[in-house]
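As structure tokens, one chain now follows by itself in the form predicted on its own.
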């Protein structure tokens, strides 16, 4: 029987908690079974339904930042030094808070099973948004599903809240105080920042790798879906966010720490400055609670043939920086995948960071994804392209595709064909023929091999239709 227990200190709602527990125990199981806080519901246990949503408050550069997460995919070890907020932690003593009341008034709840998750997610939006916008508030609920209401009453409740309460400021402390003043949060939230600072002074570096370590867990959004029952019976290593900056730039070379999340990429001013459409790209990646937890390294090491982050980085010709106790080395991402779920990585190596270079100020980039649902779904096929044009010709190009081979695919042959050619209709059509020879899709639950070939061709065309609308038009391609 596994005996890996760790001392974990955190605040749950208004209570200080210190417990020896296996760090891979899910927060969902702990709060329901140990603390008996049963307002948080167990639904799908895969991060899809949102019934188990909680808020995590953590100190980041001496600021208290809250984010939503699926407690069914969240290890207790990652609660060390943080503030865990369940639905019970939002209750006022004598009345409903405005979010709860709006859901009642507008028919935003019926059976009530999903309601705690919605309340938590919307409160997370009020805590995080710098300027309240109705469409953004509704989108913040994208990880929550209600099968009773059709979501119409929920949307009315959101609209009512924003009509009656507006705030525009990025100062977290002032925002928390104003939310307390307007009864959105209980009074105890005033003291959480200082309480977490006190806890942080007593925390020690823990969860280091040993020869018995079986799983390395960072975001856990995939690992806890597949192997949560095995994790609880194994020695694990938890990777926490670096105290250093997660995304940096030095002389045109960009570094992304392995533990950076999808939300970190979307919110990074550095990334937004070079990819203005980054939010549109990665809003196709899971729900907000998943984006808040899913990491860059996790998406790569998962080795899924249709990983969205991997597809994005392959088109940037990215480099993987690996390390263990004895050495550090680098591997081009396009050479990192040796076969289906097989990597150029030793068991004790970690992805420390991923880097890429932008060699031209006038580069072009596009990401495309097709899935059965537009949002909250795994891709059937995805593709990215990076382009540099000089004197009307393709000076540099990198192409990637997912869902059409056993591994995330860097399209080397197609790239070599297009290099130093003009992006014209005939060239693009010929390039699509090269691309078709380079891939090897299989028929599965996400479509037949023939369907995937057609999809990738259309995504390939879409890149050039979007990037060169004055040269390429759909009628000529088809």
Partner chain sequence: MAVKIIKSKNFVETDFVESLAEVPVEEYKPWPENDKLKIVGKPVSRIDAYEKVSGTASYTTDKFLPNMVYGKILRSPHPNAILKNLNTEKAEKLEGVLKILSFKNCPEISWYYDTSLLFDKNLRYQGDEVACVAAISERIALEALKLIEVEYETLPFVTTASEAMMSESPKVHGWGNILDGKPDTYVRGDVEKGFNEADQIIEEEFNTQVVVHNPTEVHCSLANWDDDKLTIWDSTQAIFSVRDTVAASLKIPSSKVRVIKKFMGGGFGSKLEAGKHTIMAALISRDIGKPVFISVDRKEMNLAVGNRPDSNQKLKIGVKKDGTITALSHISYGSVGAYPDSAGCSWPLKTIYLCPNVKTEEYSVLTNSGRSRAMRAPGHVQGTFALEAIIDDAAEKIGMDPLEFRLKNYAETDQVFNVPYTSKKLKDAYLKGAEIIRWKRRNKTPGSQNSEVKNGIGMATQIWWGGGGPPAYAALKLNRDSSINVFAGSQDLGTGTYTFIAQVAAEVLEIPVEKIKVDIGDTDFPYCPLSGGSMTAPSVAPAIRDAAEQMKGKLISAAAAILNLPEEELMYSQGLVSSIKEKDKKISITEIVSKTRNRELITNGAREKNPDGYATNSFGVQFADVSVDTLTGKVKVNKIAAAYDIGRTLNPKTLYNQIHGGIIQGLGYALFEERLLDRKTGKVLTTNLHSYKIPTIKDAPEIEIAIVSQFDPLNSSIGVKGVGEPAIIPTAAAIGNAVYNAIGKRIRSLPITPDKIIKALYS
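All values reported here derive from a predicted model rather than from experimental measurement. Positions refer to the first chain, counted from 1.
What follows is about the form predicted in complex with its partner chain, which we do not show.
Its partner chain is not shown here, but in the predicted complex it comes within 4.5 Å of a heavy atom of residue 32.
Contact check for residue 253: no non-hydrogen atom falls within 4.5 Å of its partner chain in the predicted complex. Although the partner is absent here, residue 471 sits far enough away that none of its heavy atoms falls within 4.5 Å of its partner chain in the predicted complex. Residue 274 falls outside the set of residues with a heavy atom inside 4.5 Å of its partner chain in the predicted complex. You can rule out all but one of 52-60, 65-73, 37-45, 405-413: in the predicted complex, only 37-45 has residues with a heavy atom within 4.5 Å of its partner chain. Distance criterion of 4.5 Å from any heavy atom to its partner chain in the predicted complex singles out 154 from the list 185, 154, 320, 265. For the options 377, 159, 393, 335, the residue carrying a heavy atom within 4.5 angstroms of its partner chain in the predicted complex is 377.
Interface residues of 417-449, taken as those with a heavy atom within 4.5 Å of its partner chain in the predicted complex (partner not displayed): 445, 448, in sequence order.
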